[in-house]
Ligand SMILES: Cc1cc2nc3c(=O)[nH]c(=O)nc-3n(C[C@H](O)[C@H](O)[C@H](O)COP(=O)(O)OP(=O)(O)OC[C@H]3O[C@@H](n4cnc5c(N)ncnc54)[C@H](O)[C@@H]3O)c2cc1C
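Take a look at this one chain, the form predicted on its own, written out in structure tokens.
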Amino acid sequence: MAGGTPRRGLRVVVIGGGVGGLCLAQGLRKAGIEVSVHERDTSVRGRHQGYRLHISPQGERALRACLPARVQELLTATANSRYGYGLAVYDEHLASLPGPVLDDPRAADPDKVDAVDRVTLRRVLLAGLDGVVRFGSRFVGCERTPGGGVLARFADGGTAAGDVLVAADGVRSAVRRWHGAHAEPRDLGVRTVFGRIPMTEALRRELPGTLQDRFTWVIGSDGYKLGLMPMVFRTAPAEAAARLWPGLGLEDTGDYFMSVFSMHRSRTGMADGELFALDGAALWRFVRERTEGWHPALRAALRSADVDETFAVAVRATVPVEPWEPGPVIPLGDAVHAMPPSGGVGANTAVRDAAALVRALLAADRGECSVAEAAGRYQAGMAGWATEAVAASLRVAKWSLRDIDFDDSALTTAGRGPRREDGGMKTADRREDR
């Protein structure tokens, strides 16, 4: 209005610089909304979080909705080039077992993004966010300001003021614990050792071709399970950056398998504190000792692991997914809906959250609704798709980790066995004996 006070746009403070938080920041910047991101890690590789991420059709759409065109080009260039051959399921001797068929409508699309390297993705999501992301910024608390906004406080004494604070700080969310009585993700009793196995020429010669071009899941008769997921870069990250974004400095890591070795905690033979204190070398000894009788090709892959890139985690899930009170503190990703990695939908759900939250906050920024109304609308949708995603992950976990004793309360909405969720999953027999 002429002569009036110009309307100040929203300011958004994001706690957590993982995939969901950075996707949100990109989307907000693209929409013209002021945003700052505060990440407790000291760098993009501050801690182990896994390696390869499956990207579903829904996840790819959400990423593309949030990212500027130039960042999308980087995403496409550095995606996995060979995924799309489905899932092969075997016992520990590589005899075929019945398993789900993964249908993907993008299978023939040469530019599809259906798997990415997590660290490369995080670096791609940082592109163009200079001055927006602050590493080494650990959230310790928050207070409401007189105008209805928030003032976040950090361990180093710094603060950040905004109209909205987004909790994108993961399964151990400090914001969730500060905010109030929200359900903590529940331990499912599964212990998983994540590893990275470089695809050396020597290893390629030892492995059957079908172990190299698809997601392989091994269901051992001894209670242990192994997933091998190939990551073959479409373009080496450094080469892609040199062509599309000179000076960005993406690092080449080489093609690899992500390995996921899982068991019930009772099968580890040690207390959790001891397991989680093991270094990479000790964890790989642990894995190799438990797979001594497995097929030689599987043992060859395990022998080739990058020892330093190995870590153990406890698998957790949030059941039920419950919205937070509508207001200036809004949850996103694992802070509100942690789920097992078995369904491959955790990161996809987080970026779907991000795309939806951008739309909701843009409406508030335009004055079409209040922040509380925007938060309520976003969370109503988020609770629905996140509940479906957690249920799908639990169903796949129940199928793939067959003898693991999940608490039945985790499965109240999860059904019994894989269904067509987030990428099209249906059960079928596979007869690919080798």
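Note that the structure is a prediction, hence the values are computed from the model and not measured. Residues carry their position along the shown sequence, with the first being 1.
Keep in mind that the form predicted together with the named molecule is not shown, yet the notes after this line are about it.
- Figure note: of the listed segments 35-43, 366-374, 379-387, 60-68, the one touching the named molecule in the predicted complex, with heavy atoms no more than 4.5 Å away, is 35-43.
- This chain is drawn without the named molecule; in the predicted complex, the residue among 253, 137, 80, 216 with a heavy atom within 4.5 Å of it is 137.
- Note on the partner interface in the predicted complex: the residue among 100, 237, 220, 341 having a heavy atom within 4.5 angstroms of the named molecule is 341.
- Candidate site formed by 142, 176 and 328: none of these residues places a non-hydrogen atom within 4.5 angstroms of the named molecule in the predicted complex.
- In the predicted complex, the named molecule sits beyond 4.5 Å of every heavy atom of residue 395.
- At the 4.5 Å threshold, heavy atoms of residue 122 reach the named molecule in the predicted complex.
- The named molecule is not drawn, but in the predicted complex it has a heavy atom within 4.5 Å of residue 194.
- When the named molecule is considered in the predicted complex, residue 15 lines it closely, a heavy atom lying within 4.5 Å.
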